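Here's a solo chain for you in structure tokens, the form predicted on its own.
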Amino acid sequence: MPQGTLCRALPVQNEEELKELLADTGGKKYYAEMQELDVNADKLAATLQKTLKSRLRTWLNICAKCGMCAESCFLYRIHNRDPKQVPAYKIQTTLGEIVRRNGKVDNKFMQHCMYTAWAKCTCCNRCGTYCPHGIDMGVMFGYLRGLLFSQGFVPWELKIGSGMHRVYRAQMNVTEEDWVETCEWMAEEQQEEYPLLEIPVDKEGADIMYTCNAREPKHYPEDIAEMAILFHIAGEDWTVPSKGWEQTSLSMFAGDWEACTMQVKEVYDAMERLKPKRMVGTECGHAHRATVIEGPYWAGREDGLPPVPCQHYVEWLAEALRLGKIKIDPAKRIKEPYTIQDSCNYVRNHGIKKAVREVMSYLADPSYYRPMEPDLEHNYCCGGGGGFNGIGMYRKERNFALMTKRDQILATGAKLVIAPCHNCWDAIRDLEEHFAIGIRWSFLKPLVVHAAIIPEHLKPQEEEEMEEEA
């Protein structure tokens, strides 16, 4: 049974293996080894027997192939309505075949499945909204990805991503020390303008425990600073955990179910250790899905809920503005047309539909709002969800997939796109780089920080005032 040194059925076991994968630029050796990778049919059959439960078996069997899912799929629409892009066709010719053959498939077929699972579906779950039987192809493709991962057929970048979670408990190589030092650095950077600002680490019993996306300490530390400024202005009692701070799960995109469980348990352990009243997670869609929606089931929690109540950051922002904890300077409100990109993962999949619009009602006059068509839970994927953004081998397909979002944005006439999700933010950045349509894009944090009124008691004291007080 040929197994490569880089491409193989086993997941990444340690930092050394991870570094070997990272050194394989572009996955050249990895994909060459994949051409020779054998399929362990007995193991695949055993996995099906153990994990393919009644819901997925029923969905495979009751699909009437009516085609109602076709128009719901943005990839079907942009490929000139190619029948091979119909969601039902895609899943029946991959997962359906694996089940019908009871795992007796070969390398070529598994590579076909890999391409379909990662380049022809973003697991946006939009098709499930329109299926008359309630069949959700996104869920089924998520399961298919798990089967493929277990046999070693996974894109190189996502093998690395799940390996990062296994080694560092973060999607990037950010250690506990790196994280804490970044928090200290960001707090110090802000203390000239906000003298009392702190980023409390491992404070027990705080009202809020904040978790984020590892990209923030790794590439966008200003996001951490903006979060701290807004909690500071709002007067919140909050903390970040030294361990369990990373909320995302590239292992979910990879289909590495074991790493999904490892990752979310790290976050839940932090909740149980620090005992916050609630957790607030950053502006990231899949992080919310992994920790709040899917996570409880990965962790085996019988109530289907995280250990403490959880909010997406947009929910906390809406609450803070509604309660007057943060006030907006009218002179700094946005005075240009804007549109909103609704994240599949927390809008369609968790019903958080109103929060972003409520936040924007404080930041701009409603007359400036230009909704996408369709929007809210019916909105299309940004074009790069489900890991599509990060797979170099499928970059051409991903760029083609961005056309739907490009056309939606252009139709609004707005030049400013509000994108409170890391994945959507990346996709919209990339579509601007690729198509150059002249737009800007933003998370909510920097917009609110810019427009927020700093309470007098939080402003730096002038030297004379300090002398008088002394």
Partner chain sequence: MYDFLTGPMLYLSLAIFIGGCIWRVVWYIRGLDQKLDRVAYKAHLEHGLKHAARSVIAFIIPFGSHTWRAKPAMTIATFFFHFAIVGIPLFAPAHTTLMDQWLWIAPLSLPQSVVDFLILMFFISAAFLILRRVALPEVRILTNWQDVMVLAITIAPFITGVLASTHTGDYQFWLNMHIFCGEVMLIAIPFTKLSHFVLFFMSRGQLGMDFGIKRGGLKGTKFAW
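Numbering follows the first chain given and starts at 1. None of the values given here were measured: they were computed from a predicted structure.
This next part talks about the form predicted in complex with the partner chain, which is not shown.
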Check: If contact means any heavy atom within 4.5 Å, which of 392 to 400, 344 to 352, 104 to 112, 169 to 177 contacts the partner chain in the model of the complex?
Finding: 344 to 352
Note to self: Is L305 near the partner chain? Define near as a heavy atom within 4.5 Å, in the model of the complex.
What the structure shows: yes
Note to self: Since only the chain is shown here, I'm wondering whether W298 would be in contact with the partner chain in the model of the complex (any heavy atom pair within 4.5 Å).
What the structure shows: yes
Notebook entry, point to check: Just to confirm, R55 within 4.5 Å of the partner chain in the model of the complex by heavy atoms?
Noted result: yes
Next item on the list: Indicate whether the partner chain has at least one heavy atom within 4.5 Å of a heavy atom of P83 in the model of the complex.
Entry: yes
Note to self: Is it the case in the model of the complex that H434, I437 and V449 each bring at least one heavy atom within 4.5 Å of the partner chain?
What the structure shows: no
Notebook entry, point to check: M271, I328, I293, M372: which sits within 4.5 Å of the partner chain in the model of the complex by any heavy atom?
Noted result: I293
Notebook entry, point to check: Here the chain is shown alone; which of E315, E236, D223, E266 has a heavy atom within 4.5 Å of the partner chain in the model of the complex?
Noted result: E315
Check: Mind listing which residues of 322 to 338 have a heavy atom within 4.5 Å of the partner chain in the model of the complex?
Finding: none
